[in-house]
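We begin with a single chain expressed as structure tokens, specifically the form predicted on its own.
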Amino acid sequence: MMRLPRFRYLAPASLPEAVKVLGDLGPEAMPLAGGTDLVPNMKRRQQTPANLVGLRGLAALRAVSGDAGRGLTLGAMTRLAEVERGPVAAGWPALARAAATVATPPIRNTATLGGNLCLDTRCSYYDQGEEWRRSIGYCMKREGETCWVAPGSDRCWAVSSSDTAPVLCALGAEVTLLSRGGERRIPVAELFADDGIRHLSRRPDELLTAVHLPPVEAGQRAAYVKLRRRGSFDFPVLGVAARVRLSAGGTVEAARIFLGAVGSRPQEARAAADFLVGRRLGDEEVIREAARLAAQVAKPMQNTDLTLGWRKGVAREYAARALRELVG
């Protein structure tokens, strides 16, 4: 049985108190939302914070306001099971679908939207028990000096495995980060850094408090497709999120495409999106060329499930599937 390391549990009664605690303790503290990722990581000694700042009692982090016409604001503690239905499913079905593909129903009833965005990066050499990692001398991400995926590299190549992140990036969503110094609101795409260790731009003294979905535009369509070994539940081997705005005649006026699980952050396929603008999605040749361009940003390494060559090749097919869904 894997047991948790010792830690001190703090239960702030308000958001100001929570950010004060995080500011005072800095890297010695971590916020605890649903805990479906952090707690197993602590049992494997991947993360061993001395203090956990529990967010369960903060009602403000569960608030939901707005609608499809004005935009929707979701508190960071909104459970993924709630994202699957209600106003999100009605106005932003691609996000609801992404949330529905995370793990299993019991986990989605506990896991939160903010927690899925801040999900720790994953790697076959990192996501192991402490004894296994010790036997290889650990890795760069935790206690070691070598990235076993790319031993000659000076950076960690662990991958972002959030399902909601690529969709929120494609939708142009934003997040609010709160600290004692005040709030800052940034695009979701700017929350992530291309580094397996320092994969978030969120500072230790900041708390992700809300996710802001933009208003649904006329002609907007979005899709998310996911590849995983086990169809019933698993982290993504690849996730493709695509969003377009179509004219009345069916021509693409704007597009964004992001790939997840092929890098330390969601990878934007800008060339593919730019190619789509001014063209009709109903043309299969257009879809195939856009999918080819999208697959160019997928540069998987031997750090997760299935072989990297196959994962690289399948990116084109899954990008095409996402675009075909947009045809309707």
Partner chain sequence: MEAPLVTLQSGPREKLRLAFAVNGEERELLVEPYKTLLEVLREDLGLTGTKHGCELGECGACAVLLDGELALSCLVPAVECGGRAVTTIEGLRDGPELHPLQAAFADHGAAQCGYCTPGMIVAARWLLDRKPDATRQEIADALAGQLCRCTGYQQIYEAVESAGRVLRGLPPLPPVVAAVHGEEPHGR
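Numbering follows the first chain given and starts at 1. Small disclaimer: the values here were computed from a predicted structure and weren't measured.
Although not depicted, the form predicted in complex with its partner chain is the subject of the following passage.
- The shortest heavy atom separation between residue 245 and its partner chain in the model of the complex exceeds 4.5 Å.
- Using a 4.5 angstroms limit between non-hydrogen atoms, residue 21 touches its partner chain in the model of the complex.
- Its partner chain is not shown here, and in the model of the complex it never comes within 4.5 Å of any heavy atom of residue 181.
- In the model of the complex, its partner chain lies farther than 4.5 Å from every heavy atom of residue 30.
- The listed set 70, 56, 299, 270 contains one residue whose heavy atoms approach its partner chain in the model of the complex to within 4.5 Å, identified as 56.
- This chain lacks the partner; the member of 204, 219, 187, 106 within 4.5 angstroms of its partner chain in the model of the complex by a non-hydrogen atom is 106.
- Here the chain stands by itself, but in the model of the complex one stretch of 97-105, 113-121, 206-214, 168-176, 97-105, has heavy atoms within 4.5 Å of its partner chain.
- Along 29-53, these residues reach a heavy atom to within 4.5 Å of its partner chain in the model of the complex: 32, 33, 34, 35, 36, 39, 40, 43, 44.
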